[in-house]
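For reference, the chain that follows is the form predicted on its own, supplied as structure tokens.
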């Protein structure tokens, strides 16, 4: 009677290579990166440790942890939601299904505001439809004399923003309000900076990625009037609370630039209006300066 041969233990490198190949077959944009991030999360390792421990055999419990995260990704769930984390403007933000995943192009909105905002004077900032808080909190990290009001219609999204404010040690300079940006009145408050990444996708836009539609919150994605409704109503509602000389900066969608510019011009209160392109050269943000008087 011969001894039953034990199966060779599965090594980390095998799982990494197989996961990468599996994600390639799924036509994911960054299969290797996705595999590295998810396996590092499952094994509680840094990405570099995957290679330092490349030949390390994995226990069955570790394999199960890896398989579960790979399974979630295979169904299209964004990596950021699985990791519950997304980097934005050099800071780490907690994210879940209640908020949009921060995009690199939105960092350009933060950069544009920082170029025009005073670094010395005390500033009051309003982040409309704040979601994770990535825009307003990134500004607050860079503007030490500023205070921030964060508004979102979703109480669950506000909880995410509060969590991020605490993690970034900014809670004492933040206020959180749950409400509809198209109806809000901040009684007696005036702001030096108003920023927003409002919903701006038309409900019939077929260019939106499947995983975005299936996993990200529709309330933060889609707007009426061919995607322009929130942009128009939010800016019109809040304009009276922008201080003379203040900055208003909004993100908008592809093909919306001329409509958004005309709307801001029609508001009749701005001395300067600037359109900012994203990394692909597409008009993506509008930054406007209110007249001094």
Ligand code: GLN
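Numbering follows the first chain given and starts at 1. Keep in mind that this is a model prediction, so the values were computed, not measured.
From this point on, the text means the form predicted together with the named molecule, which you will not see here.
- Taking non-hydrogen atoms only, residue 135 approaches the named molecule to within 4.5 angstroms in the predicted complex.
- Of the heavy atoms in residue 78, none are within 4.5 Å of the named molecule in the predicted complex.
- Residue contact with the named molecule in the predicted complex: residue 149 places no heavy atom within 4.5 Å of it.
- None of the heavy atoms of residue 123 is located within 4.5 Å of the named molecule in the predicted complex.
- Candidate site formed by 100, 129 and 220: every one of these residues places a non-hydrogen atom within 4.5 angstroms of the named molecule in the predicted complex.
- Residues placing heavy atoms within 4.5 Å of the named molecule in the predicted complex fall in a single listed stretch, namely 101-109, out of 177-185, 101-109, 159-167, 205-213.
- Along 191-211, these residues reach a heavy atom to within 4.5 Å of the named molecule in the predicted complex: 197, 198, 199.
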